[in-house]
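Just one chain is shown here, as structure tokens, and it is the form predicted on its own.
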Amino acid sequence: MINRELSVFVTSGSGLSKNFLFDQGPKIFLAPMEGVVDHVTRDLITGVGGVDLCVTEFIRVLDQSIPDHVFFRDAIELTFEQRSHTANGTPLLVQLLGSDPKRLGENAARAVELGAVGIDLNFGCPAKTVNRHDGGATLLKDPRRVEAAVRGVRDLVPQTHTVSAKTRLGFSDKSLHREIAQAAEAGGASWLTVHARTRDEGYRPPAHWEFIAAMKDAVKIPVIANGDVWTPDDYKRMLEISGCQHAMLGRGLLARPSLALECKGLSEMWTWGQVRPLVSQFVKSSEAARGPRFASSRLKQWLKSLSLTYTEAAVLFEKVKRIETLSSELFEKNATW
């Protein structure tokens, strides 16, 4: 069963409390993985417990205002009674990706008007398509553009709301890692999350946590460490090497849903018997969100991640990988699954 007992964080006005990172010990964030962490996944993972904050998949800012329905589509939590929180009560930041400070600021202000408790800016996406269109990690080539983008948002978003930035160590090399951190701080970022690789390194191991330490030493704002945490031991080593108090977990949480709880010393690793009901819930929720075909695609995607930890997930993946449309009813009726 999913643990619904979650910590409740005080808000300032309608924004995230300024003391969020300093209350009740170290925080763990759920990473905003594009094409993976939609509202269904956010609700499921935060329902397990141990996650203190999550971030939407990026919403692309071009040369015009983002329609309200796009915000509500990608951040469906804005429509909930407790706006900008998951169904389990976990705060949600709206992440924007773009390069025009004015447009970023205008759209960030609109997201706040719709109920967002804070804004996160994406300077880390390594996708070639995004980078070719002057977004994501491409801004890391010139830290002055990072500063300008953050300031464009900070100037138009109320001080009661956080404005954070997610970056990498650089684009093709790490020579500007300290300057990138200082640029985010100079622009007014509330905190900085750093994925410990360059854009060109993608997700290839290893993660260079020692460079996060150098970025942390270069600024006064909090720095959140991210990259290659698959076990509680990885988590401890990353915090020790980076000198950070807080962490963001991504692929590791998808492979091991209890990982955040384990890192906080609140649970042992969940057995497959504990994880299996989550799979059923995931199929049902994905189908309700976008239909059986979508549910089938997302199930296979998540089972691939779970297979890194559970052999049972690998067996289940082999059984469903050729099924294009899988309803929750069919999934539940097949006892061998």
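None of these values were measured; they are calculated from a predicted model. From 1 onward, residues are counted along the sequence shown.
Beyond the structure shown, there is the form predicted together with a small molecule, which is absent from this document and is the topic of what follows.
Would you kindly say which of E57, E287, D43, D52 lies with a heavy atom within 4.5 Å of the small molecule in the predicted complex? The option sitting close enough to the partner is E57.
V150, L249, L192, V94 - the one with a heavy atom within 4.5 Å of the small molecule in the predicted complex: Looking at the other structure, the residue within range turns out to be L249.
If contact means any heavy atom within 4.5 Å, which of 272-280, 63-71, 302-310, 33-41 contacts the small molecule in the predicted complex? Within 4.5 Å of the partner lies stretch 33-41.
With a cut-off of 4.5 Å between heavy atoms, is K166 one of the residues that contacts the small molecule in the predicted complex? Within the cut-off, so yes.
Would F80 sit within 4.5 Å of the small molecule in the predicted complex, counting heavy atoms only? Contact check for F80: no, nothing within 4.5 Å of the small molecule in the predicted complex.
Proximity of T162 to the small molecule in the predicted complex, heavy atoms at 4.5 Å: No.
Should G227 be counted as a contact of the small molecule in the predicted complex, where contact means heavy atoms within 4.5 Å? Yes, G227 sits close enough to the small molecule in the predicted complex that at least one of its heavy atoms falls within 4.5 Å.
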